[in-house]
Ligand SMILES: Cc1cc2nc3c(=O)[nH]c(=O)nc-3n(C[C@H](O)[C@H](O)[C@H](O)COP(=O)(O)OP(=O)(O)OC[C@H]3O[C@@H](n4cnc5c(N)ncnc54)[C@H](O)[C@@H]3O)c2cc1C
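Next comes just one chain, in structure tokens: the form predicted on its own.
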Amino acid sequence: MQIHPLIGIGFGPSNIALAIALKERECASPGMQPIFIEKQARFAWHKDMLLEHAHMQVSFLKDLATLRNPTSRFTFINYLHEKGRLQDFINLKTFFPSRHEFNDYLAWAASKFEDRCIYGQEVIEVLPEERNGRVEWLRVRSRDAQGSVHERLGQNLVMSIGGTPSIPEQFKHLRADARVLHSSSYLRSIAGHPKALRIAVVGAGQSAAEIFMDLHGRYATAEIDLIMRARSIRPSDDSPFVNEIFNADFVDHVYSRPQDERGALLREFWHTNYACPDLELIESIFKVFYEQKVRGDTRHRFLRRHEVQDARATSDGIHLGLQDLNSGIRHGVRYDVVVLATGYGREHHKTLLAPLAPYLGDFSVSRDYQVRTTPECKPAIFLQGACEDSHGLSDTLLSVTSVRTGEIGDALLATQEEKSRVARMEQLALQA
């Protein structure tokens, strides 16, 4: 079986950026040829949230390469140049392209590495491959759409698997019910409900706001309730000084702080990334409710300060038990469809790496995103997008992606050199 110098799990923006960073340093690390395993059949970036009129919340300059290497051929600007749209984009006078266009940029970059990515296989576990009492390699097992299991050996591993849908406890028993959707599958799932008349959207962030507006335009007569525990929809704070927390050098500051101080920083700036739609989108929602007042219409409702206490499914719909947190009054409402815009969890890497638990400790990571392992484990394991607690709020965003992958590339090169040095010493010891 071939032993790969590097296996990447997932081929979203983070691992595409890593592929770019490694390609641009091939002369320094000619042996570091990665392969990537991606569960989707072809590249797509949040395909079920590619809504009409949705735009990026992050500047195009925070693309896959610019902050690490502005001269890279993989920048968003060069993408526009190759597509013949650079001058037209300039005339838009914006730093925030549509989500459709940025998805096309990412697909354009991914297409340059077709020979390095295995699509249509989902990694199911990572096993230690031991020799002489040490873990020499990692055995990565994946399953294709037909159910066949494939195995590959890797000297190093980079995990960039994104988030898994976060389902509130009240809804977990309804996961198999097609009338309860998560935002991660929104477009695909909502298409199966062309005649929904009463819909609930649960959540307070950008996805909830975008879905509410999409449903408002999608159904001419449907009644839509926007349900959240918050008192109001808070806008994202993208002012210059606050935005400094997403700078690449701020990662150094966060990582160097004691754990309790890191937690305080995350809490202080939490609303820069979570439960904070764009102001323009908030104003659009406000306008919808204002125009209802003008017409004397109550088709949609904003159920602020409401909490979902329970959910049950019957033949006529999904029944939610709602509690008004202001009055304490509890009431039930029936819906044809419930959309959960409740975010994502970032713990799935621990499940995949469970067979390596004796070598990984508490999954803490070094500054260069490498999981700390015991001396008996030779392979280096890196995490992308799962280090928010240690590296800050930018970790799950595009903001530091290009810089982070450069740092991981440097660490991989150093690891490769160290392994070569140890191998030479062991060889000399055998010859002595």
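Numbers follow the displayed sequence, beginning with 1. Predicted model only: the values in this text are computed from it and were never measured.
Beyond what is shown, the protein has a form predicted together with this ligand; the following relates to that form.
- The shortest heavy atom separation between S160 and this ligand in the model of the complex is within 4.5 Å.
- R367 falls outside the set of residues with a heavy atom inside 4.5 Å of this ligand in the model of the complex.
- With a 4.5 Å cutoff on heavy atoms, R346 counts as touching this ligand in the model of the complex.
- Contact annotation: H53 falls outside 4.5 Å of this ligand in the model of the complex, judged by heavy atom distances.
- Just one listed stretch, out of 298-306, 161-169, 216-224, 354-362, contacts this ligand in the model of the complex at the 4.5 Å heavy atom level, and that stretch is 161-169.
- Of the residues given (M32, V403, I37, A380), I37 alone sits with a heavy atom within 4.5 Å of this ligand in the model of the complex.
- With the partner omitted from this view, the residue of Q121, Q155, N78, T342 that lies near this ligand in the model of the complex is Q121 [heavy atom within 4.5 Å].
- Taking this ligand as it sits in the model of the complex, the stretch 210-249 never comes within 4.5 angstroms of it through any non-hydrogen atom.
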